[in-house]
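Below, in structure tokens: the form predicted on its own, a single chain.
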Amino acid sequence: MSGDESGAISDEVARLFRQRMEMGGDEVFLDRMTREEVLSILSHSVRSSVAGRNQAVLESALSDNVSEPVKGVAAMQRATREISEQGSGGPPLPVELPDDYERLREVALGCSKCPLSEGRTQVVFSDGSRTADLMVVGEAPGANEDATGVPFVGVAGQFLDLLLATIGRNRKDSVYIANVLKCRPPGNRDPDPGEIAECSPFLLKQIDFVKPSAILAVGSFSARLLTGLEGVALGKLRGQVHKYHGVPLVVTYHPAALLRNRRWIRSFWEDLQLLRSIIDVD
């Protein structure tokens, strides 16, 4: 997707919500629009680049949800002023890994530190641009990612791409994506503490190489790792700006969770607006 296309979609979405806010105060209603009209606004600029494959994903995610009020805009605006003062969260930067990006990738591709290496098809190192201003950090690869070696390529990944397009970001030139774990846990189970301890240094080194202007952590495991706030519920971590070694960090729900609980889509969108306000200021 070109910069002009991603800019067009974000401008139209922003215009829609701004108009509704001016008409209705803190709540924004979409009940005067059909589902097809909303889908058109969200997807027309990206449809050609993904050959229409994401349309069904977005329809599924938004079905039965378009007529509900989009609340929390005022809360999102307040959150932009609530910067966390907890300092640099997360674990210390690793020192034992290579100081060359390509060498780091080679080491990761051949890693056998934990038992996950025995069952993997491919190591899932990263996707996107190394010069991106936004880094998205997920949790662990799934079956599609294990088969392709690319993070977020399943249905949840397609939905993530559409949501990022609403703030003018795409994998080609403005987003870098990586996971806490580089190998798929059996049956897509949650990462265990030992696996995170062995694998997360690769992620931390990736952040150090990319030097993003902001980080979006999706899911509980990436959020807790990068904030350093173990045991805190994801809902308590989102809605504010944390810091990871000086880099602004926003926490939100995993795209796969949005497909299971559609009411969280609104919260995710609010977190994206918070993230966008950080990147725009930068």
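Numbers follow the displayed sequence, beginning with 1. Predicted model only: the values in this text are computed from it and were never measured.
Below: the form predicted together with a small molecule, not depicted.
Contact annotation for Ala140: at least one heavy atom lies within 4.5 Å of the small molecule in the model of the complex. Contact annotation for His254: at least one heavy atom lies within 4.5 Å of the small molecule in the model of the complex.
In the model of the complex, the small molecule sits beyond 4.5 Å of every heavy atom of Glu195.
Shown alone here, Glu145 lies within 4.5 Å of the small molecule in the model of the complex, counting heavy atoms only. In short, of 146-154, 162-170, 97-105, 196-204 it is 146-154 that has heavy atoms within 4.5 Å of the small molecule in the model of the complex.
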